[in-house]
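One chain is shown next in structure tokens, namely the form predicted on its own.
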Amino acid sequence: MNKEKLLKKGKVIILATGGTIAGVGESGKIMGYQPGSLSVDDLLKEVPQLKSVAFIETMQICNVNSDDITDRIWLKLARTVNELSKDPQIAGFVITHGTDTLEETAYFLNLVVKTKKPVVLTGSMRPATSISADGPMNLYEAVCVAISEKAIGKGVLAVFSDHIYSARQVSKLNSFSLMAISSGEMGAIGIVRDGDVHFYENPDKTHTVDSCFMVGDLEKLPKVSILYFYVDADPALLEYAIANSKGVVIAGAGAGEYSLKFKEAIEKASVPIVISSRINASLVPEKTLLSERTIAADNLPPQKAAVLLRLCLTMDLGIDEIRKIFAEY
């Protein structure tokens, strides 16, 4: 398909950050590779079929293991998408990303990008040099979603192994399976088959253009610590986190529960404390909170609750206003 016809379909910008999808190791092996070794243009060479899907432009934001993603990279990604989305020729965006923290980046962008155009994250569980690497198909399907009019207005999405997930619900639920990226009991909101995009659900929580969060002038995000509760968990660690953070998230047991010693430390705290759960499929409603000065994370896992709290702390909000945001976002 020639350039003119592709441009009529729309332009997709691929923003690369590294990860396993750009990983290189011993030929045929799955383990022992170096993430973030290939450039975004190297990735495109493995998916020649994209030439018939959309007009592609690329940008290498960084090339790192996703465990080394930082708030500054998040802010760079958000500003890049927000600026480029003003171009009427651009139909959507694909972000290649390591799977370890893909869910956090996706949720952050879901809260701060100001466009209805599709923003789609993808990655892989196998490095590019392994047998049956999953990166090329995931990248192909992500571009198909990014160019699809059906994806407009659905917020930031993640595409993995033929499935489409909302940024708020997507998580990494396995450390080795090709189906590691999922939404658990919440399920996918759509699927991709032979490049055809099918949606069956719409994300209901507030996102993107309707979000109250603005990051245009931010250089960094406030520090938030996550504390994991377990039998005999030392409350001194919680006290340290409270003293050295702008906010704290507790990964509680069950529906966000913790010991009396933890509660004593919480009652003395002067920073916002959000209660999440250490259980994958969890719900922490306000009615179950053990302290009136805490905030319920609803069904957000600790790492996503921390993302939302960090953004709340960029604004001059009272605890009741933060509670309302956690209920709506």
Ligand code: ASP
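What you see is a predicted model, and the numbers here were worked out from it, not measured in a lab. Numbering starts at 1 and follows the sequence shown.
There is another form of the same protein, the form predicted together with the ligand; it is not shown, and what comes next is about it.
From the list 65-73, 43-51, 289-297, 261-269, the contact stretch for the ligand in the model of the complex under a 4.5 Å heavy atom rule is 65-73. For the candidate set K114, H163, K172, K205, a heavy atom within 4.5 Å of the ligand in the model of the complex is found for exactly one residue, namely K172. Among the residues G92, G247, G256, G98, the one placing a heavy atom within 4.5 Å of the ligand in the model of the complex is G98. With a 4.5 Å cutoff on heavy atoms, M125 counts as touching the ligand in the model of the complex. At the 4.5 Å threshold, heavy atoms of Y33 reach the ligand in the model of the complex.
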